[in-house]
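Before any questions on binding or motion, here is one chain by itself as structure tokens, the form predicted on its own.
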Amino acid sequence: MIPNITLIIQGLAFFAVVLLVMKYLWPPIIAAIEDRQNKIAEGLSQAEKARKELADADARVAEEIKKARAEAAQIIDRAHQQAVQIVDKARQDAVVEATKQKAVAAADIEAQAHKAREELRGKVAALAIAGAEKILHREIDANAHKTLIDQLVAEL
């Protein structure tokens, strides 16, 4: 065997295998590689899009939290204002009630004082009558009158 013919046949066989591989095997491999590259590129673009959406969502969440805190502060302020109003109203109601009770107590005191004065007048009148009877029963004597008047004053 001549090494040159073997080499030529091996070269032709090699080219035949290369042509067959390039014609039948190479296109599906390249298609699979390109498909894989497209999927990777698509995945990267979706990841970037998701990253942007996440950043946007974080910004929206921060804004919503800020709004919620502002609203909570307003609610707290309104609650404090209502509490102050309730306390003021209760204070005013207490003042009105105290005024009413004072008026009732003053009227009661006045009525009791009037009743006591009437009783005292009745007793003074009775004592005056009793003193006058004693004076009239005795003879008219300045010393006796003075003694009787002193007794009346002592009884009052």
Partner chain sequence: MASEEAGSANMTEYIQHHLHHLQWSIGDGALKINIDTLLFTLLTGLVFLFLLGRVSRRATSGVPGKLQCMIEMIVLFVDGLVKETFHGKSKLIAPLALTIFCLVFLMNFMDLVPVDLLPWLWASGHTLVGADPAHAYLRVVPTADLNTTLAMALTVFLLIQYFGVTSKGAGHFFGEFVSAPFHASGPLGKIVLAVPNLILRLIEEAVRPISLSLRLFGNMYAGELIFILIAVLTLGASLAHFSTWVLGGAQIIAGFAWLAFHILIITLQAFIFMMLTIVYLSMAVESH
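Positions refer to the first chain, counted from 1. From a predicted model like this one, the values you see are computed outputs, not experimental measurements.
If you look for the form predicted in complex with its partner chain, you will not find it shown, but the lines that follow are about it.
Residues 4, 30 and 35 are all found to lie within 4.5 Å of its partner chain in the predicted complex, as judged by heavy atom distances. Its partner chain is not drawn, but in the predicted complex it has no heavy atom within 4.5 Å of residue 49. Its partner chain in the predicted complex is approached by residue 39, whose closest heavy atom lies within 4.5 angstroms of it. The closest heavy atom approach of residue 147 to its partner chain in the predicted complex falls outside 4.5 Å.
None of the heavy atoms of residue 132 is located within 4.5 Å of its partner chain in the predicted complex.
Applying a 4.5 Å heavy atom cutoff to its partner chain in the predicted complex picks out 17, 18, 20, 21, 22, 24, 25, 26, 28, 29, 30, 32, 33, 34, 35 from 16-35, in order along the sequence.
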